[in-house]
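Single chain ahead, by itself, as structure tokens, in the form predicted on its own.
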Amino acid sequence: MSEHVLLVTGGSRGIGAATARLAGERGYTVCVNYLQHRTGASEVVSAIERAGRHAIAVQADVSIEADVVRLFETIDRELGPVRALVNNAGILEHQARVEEIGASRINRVFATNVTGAFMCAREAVKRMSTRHGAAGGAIVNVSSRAAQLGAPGEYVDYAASKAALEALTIGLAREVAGESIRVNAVRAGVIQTDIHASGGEPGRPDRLAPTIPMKRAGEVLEVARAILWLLSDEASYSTGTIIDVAGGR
């Protein structure tokens, strides 16, 4: 069993896939969680194994508590206890004004983006905390600049869910700091991923690029590098920290 077991939720594509691949290159044993994109998850696993590390793909819907428990129990059995967690799984829905958004949509977004992160953090703490006889660990939550900018006219519900994720980051960091667990977040800006297609505008990064001080959208690997730094011992005195990877926007 590896001592460096990492779980990346939503790891089949985008930022999650880049993080999982980079983690494999840096010596982690990785569980790639996915909801629907089994082929993408399998490709990430293959890339990690080509880098000489072990990886598995596990289907689970993080918005369902029983799935989260099963996910962690599968990792316990096949890889060993999680020592690092990246709460990356997240959804958004089509661009809409608040006056057009119903409760069912809000509940769907929060179930994945907030409740899912809470449940994964809960299971991770049980396996990491010195309070439970473990050796510690690190958690990184993937937030968004939308948490500060609000995403008006597009997805205020998504922005609100990411603000909640940042509150979880700060609160949990302070709660478990004395138990050898660090909890941080990366606040991603406009990044070239297919999540924008989920919002109904695949070309959104190109549209917004001129409004970004660096005049371009970010790449998934740029976010992944920040995540891996926060997981590493190089960030040993950082907890409750949120790093912007947003090109100055």
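Only a predicted model underlies this, so the values are computations on that prediction, with no experimental measurement involved. Throughout, we count residues from 1 along the sequence that is shown.
From this point on, the text means the form predicted in complex with a small molecule, which you will not see here.
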| query | finding |
| --- | --- |
| Option touching the small molecule, based on a heavy atom within 4.5 Å in the predicted bound form, out of 195, 212, 56, 51 | 195 |
| Contacting member of 224, 44, 31, 190, with respect to the small molecule in the predicted bound form [4.5 Å, heavy atom] | 190 |
| Heavy atom of residue 137 within 4.5 Å of the small molecule in the predicted bound form | no |
| In the predicted bound form, residue 169 touching the small molecule (heavy atom, 4.5 Å) | no |
| The small molecule contact at residue 142 in the predicted bound form, heavy atom, 4.5 Å | yes |
| Residue 230 within 4.5 Å of the small molecule in the predicted bound form, heavy atoms | no |
| Stretch in contact in the predicted bound form with the small molecule, which is absent here, among 128 to 136, 98 to 106, 156 to 164, 173 to 181 (heavy atoms within 4.5 Å) | 156 to 164 |
